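Just one chain follows, in the form predicted on its own, and it is written as structure tokens.
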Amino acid sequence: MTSSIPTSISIRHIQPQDGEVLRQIYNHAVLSSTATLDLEPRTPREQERWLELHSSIYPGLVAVQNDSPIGYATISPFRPRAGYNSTVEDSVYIDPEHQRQGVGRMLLEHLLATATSLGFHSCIAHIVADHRASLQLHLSCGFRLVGVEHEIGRKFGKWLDMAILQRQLH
């Protein structure tokens, strides 16, 4: 990661017109990496539902450069039971051409501040255990490793371990 973030990047809330570009960023990760354990690309209809979720109490933020989204970060419900309502889970996806330039850190820092301002108490990250860049990003933003689930996912013919990280927001 470089030490300076280009000043031409701004962070704002996700807007409906961002949907297709964000879907392309996500689908690239689906098809080419284990950053997500989704096996099928997200459809336009699924993207519409995703946008609805991240336009309310579980917001999404987008990094924009030259009026074009280059990455995004979201918080989502951690678990469906009411007792977990104060905990969220984060996701960060960056266009491959803009990775390792500080965009992910910029987004995650803004996302954590947003989650804190909304009154959430804790943020969880589930990261495939060999994703060093994502692990380092979260650790550098105050997350701590709280566990590893061994061989709980499978993609590209390989068993995957999942690292669980947590950051208290309050």
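When you see a residue number, it is the position in the sequence shown, counting from 1. What you are looking at is a predicted structure, and each value in this text was computed from that prediction instead of being measured.
In what follows, reference is made to the form predicted together with a small molecule, a form of this protein that is not presented.
Stretch-level contact analysis of 129 to 137, 41 to 49, 57 to 65, 116 to 124 against the small molecule in the predicted bound form, using heavy atoms and a 4.5 Å limit, identifies 129 to 137.
Every residue of the trio Ala35, Gln99 and Val103 has some heavy atom no more than 4.5 Å from the small molecule in the predicted bound form. With a 4.5 Å cutoff on heavy atoms, Ile75 does not count as touching the small molecule in the predicted bound form; it lies far away.
Val88 falls outside the set of residues with a heavy atom inside 4.5 Å of the small molecule in the predicted bound form.
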